[in-house]
Each structure stands twice: as structure tokens, then as C-alpha cells.
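First comes one chain, alone, set out as C-alpha cells in the form predicted alone.
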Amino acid sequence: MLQVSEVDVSYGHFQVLSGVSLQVRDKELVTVIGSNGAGKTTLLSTIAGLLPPKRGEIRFMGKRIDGIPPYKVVEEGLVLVPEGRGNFSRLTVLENLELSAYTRRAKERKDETIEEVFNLFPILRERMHQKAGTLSGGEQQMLAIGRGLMARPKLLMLDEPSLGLAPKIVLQIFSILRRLKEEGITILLIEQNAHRALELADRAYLLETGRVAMQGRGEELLQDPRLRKLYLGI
């Protein structure tokens, strides 16, 4: 479904990604882990069309998408839920969801998708007329994921969905991710909680200083001695 091939990305003269390659197959949950500054967010931003690669190519559903504007990437069915959530704080929960169904495919099924989001996140149904800026951190993250789902993605990219959340809410978020995976939604996940991400992932990549240092099945990386010592604290 997604093929990233030998991608380099730079900020001015500072190279952030060097020869990064990865793939995501249909109905997989693939995670990318690594320390802060490894290039994880840059990778997702590049796939989403927010940053141009200096070298390499990105293909989605067989079509080359590097170089096309971000809204076109979304229209292709590739949706990013960014770190920091990015909700419209002065709009209600319902207005946030409605605004996120802006592609033609999404508009045609807007009411159906809103109902699906409310079934996935019952608390959002209770808060539907409440302004997004007044929600708790966990509720705002649920809304951000819900907004991503409103675009009817073929592949959903999530950047640090558990960042800054209380442990109890982190468990809820990972439970939701597991449910999305079971429902057949293809997911590319960037996550600071490496242990939980690897437990959930079909396959995983480890980024170190902008390069893929390790890849394999999630359970294999979870048992790797070097990774357990450096990233899992075991």
C-alpha cells in the first residue's frame, strides 16, 4: 500500500533523513520507534506532503505521491493525525468532525462516519456540542483520531497519540488502536511508548539519527537484546 524508497530530507543544510525505506501492506499496523530527534515526525510529514524529499520516492497504492500538495495526498486516502492533535479549539466536537469530512468520498458518507466515530468514542457523543478547547487531553486525542477517520482513510498515520497522557488514558488509546486494527484499518504509527507499540505492531522499524537501524516483526524487535536495553529499559 505504501512504499517509501531511499528518501533523504533536509532542513536547509541539516540532513534529517538519510536513505530511509519502509513499506506498509494492506491491513497492517506498522510502527516506527526511535529516540527524540531520530526523524520520526519528519518522516510522517514527508509522506503527508508537508515536506519535500531531497531524494527518493514515495508511492501510495502504486501511485507516486512525493511532490503533490498535502490536500491531494489526503484525497488519495492517506491521512495524518499530527502530534499535538491540531483540533480547532473554538469549534465544537461535532463541528471539528464535520469540517474533517471535506473530500468528496468523505462528504458522501459524513453522517455514517460521525456515527462510527461516536460508537468508537462514546465520550465524544456526550461532548458533541462542547468546544474542543475545553476537552481533557485524552478527549482531545480521541477527537484528533476521530477527525482523521472522518476523511475515510485508506491508511491512517498517527504521530505520538499517547504523548502527554495519563497512564490510564494511554491504555484506552492503545485499546482503540487495537480495535481499529481488528476492523481492518491500515495504520502507520509513530509512538514514544515503544513497548506497547511493538506489542501491537505487525512490523516495526527503528530509526536512529535519520536512518533505519533495525526492522522486523514487532514481536521480534520486542525481544531484541539491544533494543530492549536502549529503548525499553529492560
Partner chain sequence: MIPSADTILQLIVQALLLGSIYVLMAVGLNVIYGVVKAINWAHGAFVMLGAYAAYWLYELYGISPYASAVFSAIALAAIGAFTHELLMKPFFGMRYFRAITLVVTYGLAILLINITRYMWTDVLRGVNLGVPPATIGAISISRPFLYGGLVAIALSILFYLMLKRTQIGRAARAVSESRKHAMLVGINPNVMSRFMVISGAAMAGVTGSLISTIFAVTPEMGSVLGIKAITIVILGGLGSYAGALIGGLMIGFAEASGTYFLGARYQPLLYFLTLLIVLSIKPTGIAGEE
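Residue numbers count along the first chain shown, from 1. Just so we're clear, the structure is a prediction, and the values are computed from it rather than from any experiment.
The same protein has a further form, the form predicted in complex with its partner chain, not shown here; the description that follows concerns it.
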item: Within 4.5 Å of its partner chain in the predicted complex, all of Pro161, Phe174 and Glu182 (non-hydrogen atom); value: no
item: Contact stretch among 30-38, 166-174, 63-71, 194-202 - heavy atom within 4.5 Å of its partner chain in the predicted complex; value: 63-71
item: Heavy atom of Leu91 within 4.5 Å of its partner chain in the predicted complex; value: yes
item: is_contact(Phe118, its partner chain) in the predicted complex, heavy atom dist at most 4.5 Å; value: no
item: Non-hydrogen atom contact Arg127 with its partner chain in the predicted complex at 4.5 angstroms; value: no
item: Touches its partner chain in the predicted complex: Thr113 (any heavy atom, 4.5 Å); value: no
item: Contact residue in the predicted complex, from Leu135, Leu155, Ile145, Ala101 (heavy atom within 4.5 Å of its partner chain); value: Ala101
item: In the predicted complex, residues of 25-53 near its partner chain [heavy atom within 4.5 Å]; value: Ala48, Leu50
